[in-house]
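This document opens with one chain alone, in structure tokens, the form predicted alone.
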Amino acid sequence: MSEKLPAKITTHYSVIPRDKDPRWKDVDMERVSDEFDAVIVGGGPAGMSAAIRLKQLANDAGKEFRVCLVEKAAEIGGHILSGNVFQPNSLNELIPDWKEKGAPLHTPVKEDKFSVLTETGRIPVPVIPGLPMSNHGNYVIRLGNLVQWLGEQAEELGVEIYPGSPAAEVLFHEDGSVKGIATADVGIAKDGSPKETFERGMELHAGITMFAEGCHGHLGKQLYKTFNLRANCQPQTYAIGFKELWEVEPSRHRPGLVEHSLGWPLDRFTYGGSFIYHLDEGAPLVAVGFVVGLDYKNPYLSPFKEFQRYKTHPYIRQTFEGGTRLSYGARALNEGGFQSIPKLTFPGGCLIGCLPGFVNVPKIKGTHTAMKSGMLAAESVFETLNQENTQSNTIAPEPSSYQELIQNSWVWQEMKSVRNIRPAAHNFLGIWGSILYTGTIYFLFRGKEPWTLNHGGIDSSHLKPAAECKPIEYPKPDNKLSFDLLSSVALTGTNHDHDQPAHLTLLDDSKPVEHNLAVFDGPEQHFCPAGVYEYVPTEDGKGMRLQINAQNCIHCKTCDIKDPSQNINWVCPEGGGGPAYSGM
């Protein structure tokens, strides 16, 4: 093995090419390949629904049709985190007999509550049927469990599923159309050199590749640029969502109760809110969560600490006092809605689910729309690959009918109808403007108003310099209702091989100190929900340096979104790394 290079923050090959690194000179870089009709990247609701629908169509037509689905989590559902109040219309269509087949939908919604919280009190707001927050006919579920069950249905139909196989690279034909993906290499040391255990990833070639990576997927980012898919839409905007699962005192448990709130501890200019969902699964389980829009301005704001503070509110603490916290997690989610949906197809592939942003923000739901997008894409892909005399200008065809199918579906109508509610918060009223818009304009016009509001740029551009902001004093955790960050991360089950290059890469290693710390007081140490980023003294004690604790990463993607210098690029770690959520 050749001599190691000096220690760097970023040693990943996506920033430091191997062809210029002498340590890789004699390493065999050949990859084994396999051929499929369709390859699906991501085993969430959209990916699983697409896989199931493809095999349903193939089996009904009596055709041999090979479908491969790759998932970066060690187990299907292991990286899934969501509220989740589930609207079952897409599942009803995909698998009509889901009840008989044992789908894990155990808790029908029995009661809706909505509140505006002040520092010490609660203002109840009526939940009017027909408005987005009404949950009649829906179920409180644990989405990871539903995704696992969908995986079982897919395998029974003949889908080839490979967990622990992150898609690391998009492959292209010589004419620029998508050829498939390559899974991540393994056996690379932290300094970027090959270990004796190095193995190349595998190439998975497909007639069409369907990308279902979830919110802010790293391959999706590349596809946006390669095919200019965002040319005619607004930039995506995001939030970070936290969730904890608690076992509460039986006397405080009300199965089927769904509660949402706005207000404290956030000010009116910081978009966000909370949820409390009571499950009926044999134990007094309650899911509690908190969402903060990533267009917030104060670099000192810690979304994690806002969540912990929220649980100490006099009204909220009633549910959790005397209870036990079982699990914790966090994930970024799309909030751009209708006006941020990109072009969905390109030669050799398409985007489905939360990757392009099919989330109904006012409804706080995206699973039903993600599933339907995967189903419609599957119909387009199957038709494209099986129609006789297919004419294509590229080696891999484009499933163009998918765009039309989506735009003629209830998904498009639903997304369009609520398009102005989230951006209505961008005024002097803040989040109250969004509430006022819902109660007046949306109530009257149901989305048919002849205008579309603007989101106002990417989230990272909203951050103000630290000199213009006031530091926020957060109370110390009491370890009963509120907790510290590291003990929370321990509940995620996250794990990465320590001896691999950090998958949180920096385009420029000098930017964090020279720009982020100097101007914004290092906001990554506040917005990361897993303690990945720390500013620590340099070895000589004369300055500060950024330390990346990549082994803590729970794959939320917040850093890639909120970094004010847009210098952080999340890439996939070795297969199986990351959180190990159990039914979150």
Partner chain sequence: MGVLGPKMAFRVLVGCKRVIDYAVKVRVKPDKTGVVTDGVKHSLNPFDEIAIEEAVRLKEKKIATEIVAVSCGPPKCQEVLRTALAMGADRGIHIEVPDEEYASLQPIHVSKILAKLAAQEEASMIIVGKQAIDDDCNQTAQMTAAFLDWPQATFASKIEKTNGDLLVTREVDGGLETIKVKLPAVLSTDLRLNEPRYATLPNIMKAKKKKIDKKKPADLGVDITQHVEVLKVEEPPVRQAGVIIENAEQLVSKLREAGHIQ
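Since the model is a prediction, treat every value here as computed from it, not as a measurement. Numbering follows the first chain given and starts at 1.
Below: the form predicted together with its partner chain, not depicted.
- Between the options S177, S193, T183, S434, the residue in contact with its partner chain in the predicted bound form by a heavy atom within 4.5 angstroms is T183.
- Site annotation in the predicted bound form: the residue of D484, E383, E199, D508 reaching within 4.5 Å of its partner chain with a heavy atom is E199.
- Judged against its partner chain in the predicted bound form with a 4.5 angstroms heavy atom cut-off, the residues E244, F320 and N549 are out of contact without exception.
- Contact annotation for F520: none of its heavy atoms lies within 4.5 Å of its partner chain in the predicted bound form.
- Shown alone here, N495 lies within 4.5 Å of its partner chain in the predicted bound form, counting heavy atoms only.
- Although the partner is absent here, L204 is a contact residue: one of its heavy atoms lies within 4.5 angstroms of its partner chain in the predicted bound form.
- At a distance threshold of 4.5 angstroms between non-hydrogen atoms, F527 is out of contact with its partner chain in the predicted bound form.
- Judged by heavy atoms within 4.5 Å of its partner chain in the predicted bound form, the contact stretch among the candidates 159-167, 89-97, 335-343, 425-433 is 159-167.
- Taking its partner chain as it sits in the predicted bound form, the stretch 570-584 comes within 4.5 angstroms of it through a non-hydrogen atom at E574, G576, A580, S582.
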